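Have a look below at one chain only, the form predicted alone, in C-alpha cells format.
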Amino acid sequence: MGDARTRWSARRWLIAGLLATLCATPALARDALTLGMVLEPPGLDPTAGAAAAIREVTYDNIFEGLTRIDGAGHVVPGLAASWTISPDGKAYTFALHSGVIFHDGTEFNCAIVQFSYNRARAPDSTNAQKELFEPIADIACPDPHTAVVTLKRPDAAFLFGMGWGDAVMVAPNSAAGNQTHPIGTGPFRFTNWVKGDRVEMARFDHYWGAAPKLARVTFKFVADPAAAAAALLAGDIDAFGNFPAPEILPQLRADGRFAVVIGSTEGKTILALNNARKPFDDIRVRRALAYAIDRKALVQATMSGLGTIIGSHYTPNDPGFIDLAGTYPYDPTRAKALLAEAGIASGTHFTLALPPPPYARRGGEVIAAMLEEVGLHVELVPMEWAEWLDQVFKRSDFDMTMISHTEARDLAIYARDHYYFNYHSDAFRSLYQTYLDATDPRTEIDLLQKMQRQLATDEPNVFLYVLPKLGVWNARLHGFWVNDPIPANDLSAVAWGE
C-alpha cells in the first residue's frame, strides 16, 4: 500500500507545482461557458446507456422528462405542469405543458409520452433502467395535453423514477439518432461533438420555459487530474461540477479567483463482487473482503478524506438512512480467519476491473494492497468505459470491480432478476415488493431500513463510501447545483455575474 500512496503523493506535488506557476486568464463579461468533465460519455442518449456521463451532459440541458429531480433531490414538475394520483395509487393523470416543441420542431404532446414510455418498456428496449417502467400497464391520451399512466400496482417510487435521465421524452422521428445527435425539448440544443475532446450546445431560442442566461455551452473532457488543474488555472475551463483532484482543493480555496463548493452526491462507491462466480457466492468470502478494507484509509488516500463511509447501498441524503458503516470494521485478522474457513488459500488470484474514473483507478491500487495483506493476490485490469460496460455491466464477466452507483434511491437493483453483480435474495425481494406496495410513510421508512440491514448482512458488494461533489468554478459564476442528487450538470440557471 505504501507504493500506491507514494505515487499519489508525487502527483500531488506535480499538481501543486502547476498551481504555483500557472495564471488564470481574467474573466470577461460573457454568455458562454466551458465546463470540464473527467469522462466522455459513450453516447448522448440517456435512454440507451448506463454511463452517468451521458446524464451529466444531457439531463435538463437537452432532454427533459414529465417530472424532474431538482438540486435538492425533490420531485418537481417538468414537462408535466402538474399531476393527480387516483385513490388506489395506480392512475397518474399528468397535465402536460402546451406549446412545447423539440429542437427539430416536433410538437410535444401525449403521443410522445406514449412513445417514450412504450419504447423504454418494450421487450427489445436497451434502457439501462428498464425496470423503472415495468409497473406501467397502460398510457392513455384523453386529449393531446393530458396523459394518464396506469400502473399494475401502486409504486411509491414511480414519480421519482420518472424524473431520472432514463425516463426523458424522445420523439419517434429522432429517437434513433439520439446517440450521436440528441434532439430533446430542453433549454439547450446540441450543435457539435468532437469525439475525444468536447460536446457543444447552444441556447434553444424556442424553449418553452425560462430562457437560460448562457448562449453557448461546451463540455470539455479532461481525464487526467493534473491536466484538469492546468486547464482550470489557464482559464481554458471555467468550471468543474466534479473536480478530479481533491488533494489541491485547499490551494484553490485560498485563491479568490475560484469558488470551491463541497457538496454531496448519490455516488455509492462499492467494490462490486460477482456473486455468481466462486468464491464470491460464499458469504464468508464477501464478509472477509469487507473486513480486509480500511475504508477510512481508502478515503484518505484517494479522496483526501472527502467521502462519507457507508455500510449499505444507501446515502445519508436518502429518506430512512441508517448508519451501518460499523458493520464490518477494519479487521485483517478476522478477514484471514474467514478466508481460511471458506477454504481460500493464501496467494489466491483475483482480478479487479477498473473503469476510467480517478476514484476507481486510485482506489483500485489501494484496495489491492489491502487485500494482499490478507493473503489475496489482486490483478488490476484498467478498462475504458466501452469495454467496462460490455464486459462487466452487460456480460457480468468479472471477479471484482470498483464503481460508483450514482443513481438515487436505487435499492431496486438488488431485487432485479439480473443485474451485473448477480445478487439473488428472496428475503430482499420480498422486502422490496412490500415497500413498493406500501402507502403509509412510516411503513415505507421501516421497510427501507430493513432493506439496508439485509444488504449489510449479506454484503453482496463491499460498501465503501459516498463520493463528495467537488465543485470548482470561476468565482463570477453562479447557479450551479451544490449537491448531486442525480447525475447532472443542470446549466439552466447558471450565469456569469460581476
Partner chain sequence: MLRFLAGRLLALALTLLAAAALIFLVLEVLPGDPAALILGVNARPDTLATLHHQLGLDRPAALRFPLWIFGLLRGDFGESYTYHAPVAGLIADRVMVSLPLALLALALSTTLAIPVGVFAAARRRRIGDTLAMAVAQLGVAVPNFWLGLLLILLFAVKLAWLPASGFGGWSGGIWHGLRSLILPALALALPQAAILARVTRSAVLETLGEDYLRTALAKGLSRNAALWRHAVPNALIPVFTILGLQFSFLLAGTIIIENVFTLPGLGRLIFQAIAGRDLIVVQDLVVLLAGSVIVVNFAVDIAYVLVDPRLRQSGPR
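Residue numbers count along the first chain shown, from 1. A quick note: this is a predicted structure, and the numbers were derived from the prediction, not measured. In this text, rigid core is short for the largest set of C-alphas that superpose within 1.5 Å between two forms.
Below: the form predicted in complex with its partner chain, not depicted.
**Student:** Is it true that 76, 155 and 436 each have at least one non-hydrogen atom within 4.5 Å of its partner chain in the predicted bound form?
**Tutor:** Answer is no for this spot.
**Student:** Quick check on residue 470: any heavy atom within 4.5 Å of its partner chain in the predicted bound form?
**Tutor:** Output for residue 470 is no: heavy atoms all beyond 4.5 Å of its partner chain.
**Student:** Since only the chain is shown here, I'm wondering whether residue 195 would be in contact with its partner chain in the predicted bound form (any heavy atom pair within 4.5 Å).
**Tutor:** Close contact exists here: in the predicted bound form, residue 195 approaches its partner chain to within 4.5 Å, heavy atoms only.
**Student:** Could you confirm whether residue 234 comes within 4.5 Å of its partner chain in the predicted bound form, counting heavy atoms only?
**Tutor:** Output for residue 234 is yes: heavy atoms within 4.5 Å of its partner chain.
**Student:** Taking any heavy atom pair closer than or equal to 4.5 Å as contact, tell me whether residue 49 reaches its partner chain in the predicted bound form.
**Tutor:** Contact check for residue 49: yes, within 4.5 Å of its partner chain in the predicted bound form.
**Student:** Using a 4.5 Å heavy atom cut-off, which residue among 110, 230, 411, 381 comes into contact with its partner chain in the predicted bound form?
**Tutor:** Going through each option in turn, the one that passes is 230.
**Student:** Could you work out which of 86, 346, 396, 179 is the residue within 4.5 angstroms of its partner chain in the predicted bound form, going by heavy atoms?
**Tutor:** None of the others qualify; the residue that does is 179.
**Student:** Given a 4.5 Å cut-off on heavy atoms, tell me which of 299-307, 216-224, 363-371, 334-342 is the interface stretch with its partner chain in the predicted bound form.
**Tutor:** Residues of 216-224 come within 4.5 Å of the partner.
**Student:** Within 4.5 Å of its partner chain in the predicted bound form, counting any non-hydrogen atom, which residues from 287-303 show up?
**Tutor:** None of them.
**Student:** Any CA movement of 2 Å or more for residue 313 between this form and the one not shown, core superposed?
**Tutor:** Yes, shifts by 2 Å or more.
**Student:** So that I can tell if residue 355 moves, could you say whether its C-alpha shifts by at least 2 Å between this form and the one not shown after the core superposition?
**Tutor:** Yes: residue 355 shifts by at least 2 Å between this form and the one not shown.
**Student:** Does residue 388 move appreciably between this form and the one not shown, meaning a CA displacement of 2 Å or more on the superposed rigid core?
**Tutor:** It does shift by 2 Å or more.
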